[in-house]
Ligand SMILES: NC(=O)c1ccc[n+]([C@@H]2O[C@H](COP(=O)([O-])OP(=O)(O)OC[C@H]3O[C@@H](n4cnc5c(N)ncnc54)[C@H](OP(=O)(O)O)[C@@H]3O)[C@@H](O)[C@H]2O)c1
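Okay, here we've got a single chain as structure tokens, the form predicted on its own, with questions on binding and movement later.
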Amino acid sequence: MSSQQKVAIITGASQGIGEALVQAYRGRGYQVVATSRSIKQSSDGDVIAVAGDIASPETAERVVREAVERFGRIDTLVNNAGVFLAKPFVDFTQEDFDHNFGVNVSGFFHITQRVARQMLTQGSGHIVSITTSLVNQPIAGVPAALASLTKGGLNAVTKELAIEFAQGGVRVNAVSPGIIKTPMHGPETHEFLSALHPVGHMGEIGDIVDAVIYLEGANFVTGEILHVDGGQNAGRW
């Protein structure tokens, strides 16, 4: 296949935002390597599905190897895979800690490091991570210390890597959502979750996809944490 066609890697790609991102990038002519624990093979020859635990370095190795061997390059990485657990801080277990850090931090580290090596060799690329606006504006009644520890780390490393990679032609950004209407939120929760946003409603999957695609084309933007959160980051309400 042509090495000139752009290639995106998308994690957490089996449903919700990740699945929509695969479709969005394919709609723009990208070849895509999609990964998640439960992802199924696609009938689209320009989509490679790699099943695996994003916290595992072996999964990262397979994803990057497939991208380079099959498509010849990597232009974009979207770190979409993530977990969120709201629980009082004193009630978190070691298992909670290990799972959140495994997916949110180790998952970011292993694949981003390998992708960055390839992008720096190419002299171009774009890395985008999905974080959360709770990092900047905690909400009373939504105790989320592990999200602050892990997703807050992604916000910080986004800015650090933007500076580190700037001269290498690689941009690094993040999208910071509010609560998005995905399959993980049952309809019975929507009224409560909507009230956690100044605008009074949850976000849609398309809102996040639009933000990622904006950053994809924004060649002068790097180190940005783009809040798509219904006003949560603006302050208390």
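Source: prediction; values computed, not measured. Start at 1 with the first residue shown and count on from there.
Note that the form predicted in complex with this ligand isn't included here; everything after this is about it.
Engineer: Is it true that 76, 120 and 171, all three, sit within 4.5 Å of this ligand in the model of the complex, judged by heavy atoms?
Structural biologist: Result no, not one residue of the spot touches this ligand.
Engineer: Given that the partner is absent here, state which listed stretch (88-96, 108-116, 161-169, 124-132) has heavy atoms within 4.5 Å of this ligand in the model of the complex.
Structural biologist: Comparing against this ligand in the model of the complex, the contact stretch is 124-132.
Engineer: So which of 37, 201, 70, 26 gets a non-hydrogen atom within 4.5 Å of this ligand in the model of the complex?
Structural biologist: In short, 37.
Engineer: Report whether the minimum heavy atom distance between residue 184 and this ligand in the model of the complex is within 4.5 Å.
Structural biologist: Flag for residue 184 set to yes.
Engineer: If we define contact as a non-hydrogen atom of the residue within 4.5 angstroms of the partner, is residue 16 a contact of this ligand in the model of the complex?
Structural biologist: Flag for residue 16 set to yes.
Engineer: In the model of the complex, does residue 33 have a heavy atom within 4.5 Å of this ligand?
Structural biologist: The answer is no: residue 33 has no heavy atom within 4.5 Å of this ligand.
Engineer: So in the model of the complex, does any heavy atom of residue 57 sit within 4.5 Å of this ligand?
Structural biologist: Flag for residue 57 set to no.
Engineer: For the heavy atom contacts within 4.5 Å of this ligand in the model of the complex, list the residues of 64-101 involved, in sequence order.
Structural biologist: Contacting residues: 80, 81, 82, 83.
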